[in-house]
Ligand code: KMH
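This document starts with one chain, in the form predicted alone, laid out as structure tokens.
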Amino acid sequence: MTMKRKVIITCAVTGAIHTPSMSPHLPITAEEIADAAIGAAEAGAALVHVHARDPKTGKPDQSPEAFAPFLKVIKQRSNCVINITTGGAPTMSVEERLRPCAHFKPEVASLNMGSMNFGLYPMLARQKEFKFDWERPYLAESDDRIFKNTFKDIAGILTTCAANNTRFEIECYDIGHLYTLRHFADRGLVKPPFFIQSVFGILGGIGPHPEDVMHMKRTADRLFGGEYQWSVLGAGRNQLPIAAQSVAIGGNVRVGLEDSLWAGAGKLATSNAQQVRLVRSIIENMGLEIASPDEARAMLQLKGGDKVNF
């Protein structure tokens, strides 16, 4: 009897794109982030991708001290794989962004594969009022902001994290980023299996059209053959359509309030777990099964949750 393919669900629970005024359901405090991650895992996410925020203002905070309270709680209450960002926020230096991963030595760290324009300013069209002073300029000034990820930056993150046997959720926002990954693989700085997270629908990166998704997949197949696991995230309303396309052509999926605040047209998601349940339904209705955390660890060849520094 043929075994069903296992699909890895990643949930990115808060991120650094959306601001607190956009949704009352966006996790802000350490307790909210921990509860969101655990709820997502209970709903079926094998990996949870985490950022930290200032608990009073909701502003992105990349200090290890901001991560420590919720990392320990998630680990105590769940077997999920905890994936710590090295992306932080586009306003941060690479040194600041790397600090939590260098300190906590997680099983997985995210890693952006190139510098890019990262336009958040169109969100101002639908958000007229803000609770905190930092929110409006954070969005508005993104029309003149570069999200810096140079070859030197990427090499530094790869070297620092690989020394701790941390593997990577390799975030590719455009076709050129796949070639950058191939470059670092050829240099021996990152080794297979590669966990490639293709990102669709961010202004400055590749678009969300089905042909864009197929172009990413075909290019990754040509560059990496059988040495990678492919996953996708669609920004905003693109989240579930792109997830469904990925599942249909052999890929994995990422959901979460970092990537989209929605659970249908004009309907705010009330939790990360809700989005996980929605994508899980798509996967299971296609006759497939979700991967457990330990199955995901085996697929991605991770070091295990007992070998982290939290």
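Everything numeric here is computed off the predicted structure, so don't read it as measured data. Residue numbers here begin at 1 and follow the sequence given.
Keep in mind that the form predicted in complex with ligand KMH is not shown, yet the notes after this line are about it.
Asks: Taking the shortest heavy atom distance, is residue 171 within 4.5 Å of ligand KMH in the model of the complex?
Replies: Yes.
Asks: Does any part of residue 87 reach within 4.5 Å of ligand KMH in the model of the complex? Heavy atoms only, please.
Replies: Heavy-atom contact with ligand KMH at 4.5 Å: present for residue 87.
Asks: With heavy atoms only and a cut-off of 4.5 Å, decide whether residue 53 touches ligand KMH in the model of the complex.
Replies: No, residue 53 sits far enough from ligand KMH in the model of the complex that none of its heavy atoms falls within 4.5 Å.
Asks: Heavy atoms within 4.5 Å of ligand KMH in the model of the complex: does residue 17 have any?
Replies: Answer yes; at least one heavy atom of residue 17 falls within 4.5 Å of ligand KMH in the model of the complex.
Asks: To verify the annotation, which of these, 71, 202, 190, 178, has a non-hydrogen atom within 4.5 Å of ligand KMH in the model of the complex?
Replies: For this set of options, the contacting one is 202.
Asks: Among 118, 130, 184, 104, which has at least one heavy atom within 4.5 Å of ligand KMH in the model of the complex?
Replies: Checked against the cut-off, the match is 118.
Asks: Just one stretch in 256 to 264, 279 to 287, 26 to 34, 241 to 249 has heavy atoms within 4.5 Å of ligand KMH in the model of the complex, so which one is it?
Replies: Of the stretches listed, the one contacting the partner is 256 to 264.
Asks: Going through 212 to 243 from first to last, which residues have a non-hydrogen atom within 4.5 Å of ligand KMH in the model of the complex?
Replies: Result: 233 alone.
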